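Given as structure tokens, the chain that follows is alone and in the form predicted on its own.
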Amino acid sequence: MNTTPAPALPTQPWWRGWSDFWFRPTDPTTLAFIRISTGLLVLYIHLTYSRDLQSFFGKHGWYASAFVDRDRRERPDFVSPTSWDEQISWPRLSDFPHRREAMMEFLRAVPGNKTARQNAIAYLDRANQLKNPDDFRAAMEFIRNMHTVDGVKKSVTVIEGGKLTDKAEQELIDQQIPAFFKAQNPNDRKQIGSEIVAFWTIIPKTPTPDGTQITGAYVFNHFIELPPDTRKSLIQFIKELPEDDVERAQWLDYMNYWNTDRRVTYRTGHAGFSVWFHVTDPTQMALIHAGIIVLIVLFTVGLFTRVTSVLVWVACVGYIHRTQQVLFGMDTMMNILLFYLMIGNSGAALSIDRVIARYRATRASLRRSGTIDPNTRAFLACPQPSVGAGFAIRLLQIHVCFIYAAAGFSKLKGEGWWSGQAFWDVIVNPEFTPMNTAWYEGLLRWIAGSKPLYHTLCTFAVWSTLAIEICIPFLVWTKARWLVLFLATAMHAVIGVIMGLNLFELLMIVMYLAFLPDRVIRDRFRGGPDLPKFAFAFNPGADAQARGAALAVALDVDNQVSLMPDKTAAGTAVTTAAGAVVSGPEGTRALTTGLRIPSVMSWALWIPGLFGLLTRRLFPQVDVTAAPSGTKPPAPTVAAK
């Protein structure tokens, strides 16, 4: 009995597995199929822009160029401090337009001279220095109740220690004076009185029919509602306003538009690029848009893919940068897919680039030896595994996991996702769902009419959504991959039907293709054993005929064409499976209808001139212009098999 122990398997260094995870050569057909699917969706998206190109991207569109230009030059950008103890605050106005306008009227009324300005806001500064926030509120409410000049005079008289003729009115005003003002000495109380007059003077006022003047309550309310740090920053902003009228107007304009002080920003503007930032003429826009559509078509069919993939990504990002106001998940997913398709060589398979590469390889082999050598046959058999394709697919897989992890875990923070209300809020939202249809509204009413059914449906929907989204990043790497991908596809299909987010859901489903095992897509595109066979006869010594043979092989991805070199052949011809020898238009028609991939793409032959060009390349000895369409030209001499 042999007791020799089995040899130990060689151990690999730890970094080898990490390297194989990211850089394992992968069949590029999967990435190519993702390119085709993404390209068709991107083409549809940008074709829909054609109907409302000016509304989306025009000079006077929904988001006019004037606002876009200001955004890309002035938009504030902040940087969070590195320490938790360090806090950054900046002045802010109200987000409500009418309240902000009242505050802007107040800021414009502040004197430009620094000394006069200091006197005008001395009361505001004094109130802000009070340590108790309730004291600041009391100080603001006290002056807010002074509606007329006469009321101000009476209040100042009382606070300075004077007497009014009407004792009841004096007692009322005395009760309204904050206690911390009463505690001041007579000189300070007189100073407070003068500060009240100066501050009340610059407050915006609205005349009423009876002649009285109501002070701007929005100004007082805004100061009261601001957090102490923000209020302090706003007061400091007022103090530091420039004395120069032009510079001061620029400060106030930036504050009014962006609701912040430009000086506290890390930077202003952004580095986003879009051709629509610079081109606004309708004719020029139409021409550029048409050119981009052509680029997307070239990218989809895989022509010059290394170049068109970059150009399409840059162009699509330009559309996104120009229409930030309508940006949503579809644009994000489209951008992600195009970016990774740009990294990997997505045109190495299922593309015109692959046909060109097959043609060049076959042509070179025929030039060398008159036949197809073994190395060329291996190249023609299938696309070579690519490190770039594997890396791009792996990046896409990891990105998908991060997307679902973020989506699933963020939903756990929402109360509606624990109670089930989130699902119901979605299906009754008329902005997305078909609430205008009678059957849909009737279905919702029927569901809501039964409380057990309502809670069962909502609970099942939210918990299944959470389970799928949270499980994908973990189970997609296990044997349960097919199950989670099937459930995720079903989930997105339901969302697409209910919410109408068809393009977003389709782009998400396209991302799942990255998780298919290697060579699955390629095997699905292979034909069966019953495909028709053709024999292509040519003279290898005639350069034009050799090019025709190379083109026939380039169009054949399932080894349906056998080359028949014949040095005595007068021209190229193809023998069909039925034994018929044809050439010219009939030969082109036989190949384009019999070869697997060309038969699928036969609709492209409707492009004017394409059929004639293909015929001249495959059968160069035939005068296509002289032979009427549908006639059978004389068959050239073909060597016997």
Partner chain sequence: MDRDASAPPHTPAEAVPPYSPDFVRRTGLIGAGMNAAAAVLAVVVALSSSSQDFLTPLQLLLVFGGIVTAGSALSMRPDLWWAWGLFGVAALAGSVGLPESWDSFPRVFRVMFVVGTVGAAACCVSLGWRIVGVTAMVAFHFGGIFISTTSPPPQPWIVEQLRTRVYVPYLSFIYMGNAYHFYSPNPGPASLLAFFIKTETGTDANGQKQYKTEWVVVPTRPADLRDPLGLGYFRRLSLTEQVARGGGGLSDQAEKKEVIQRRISVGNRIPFHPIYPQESQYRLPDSSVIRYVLPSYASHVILEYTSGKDEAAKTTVKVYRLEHATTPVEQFRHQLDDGTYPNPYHPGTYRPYFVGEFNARGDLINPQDPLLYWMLPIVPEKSQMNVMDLKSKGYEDYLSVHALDSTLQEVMQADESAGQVFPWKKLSNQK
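None of these values were measured; they are calculated from a predicted model. Residue numbers count along the first chain shown, from 1. Between two forms, the rigid core is the largest collection of C-alphas that superpose within 1.5 Å.
The form predicted in complex with its partner chain exists for this protein as well; it is not shown, and the discussion that follows is about that form.
Of the stretches 376-384, 192-200, 155-163, 173-181, only 376-384 has residues with a heavy atom within 4.5 Å of its partner chain in the predicted bound form. None of the heavy atoms of P529 is located within 4.5 Å of its partner chain in the predicted bound form. Of the heavy atoms in I45, some are within 4.5 Å of its partner chain in the predicted bound form. Looking at G594, you'd find every heavy atom of it more than 4.5 angstroms from its partner chain in the predicted bound form.
Shown alone here, K411 lies within 4.5 Å of its partner chain in the predicted bound form, counting heavy atoms only. Residue-level contacts in the predicted bound form: of S94, T300, S89, Q560, one residue has a heavy atom within 4.5 Å of its partner chain, and it is S94.
Of the residues I121, L516, I509, A361, just one reaches its partner chain in the predicted bound form with a heavy atom at 4.5 Å or closer; this is A361.
Annotation for 529-568: no interface residues with its partner chain in the predicted bound form [heavy atom within 4.5 Å].
Once the cores line up, the CA of K413 ends up less than 2 angstroms apart between the shown form and the other one.
Annotation: Cα of E441 displaced by at least 2 Å between the shown form and the other one, core superposition.
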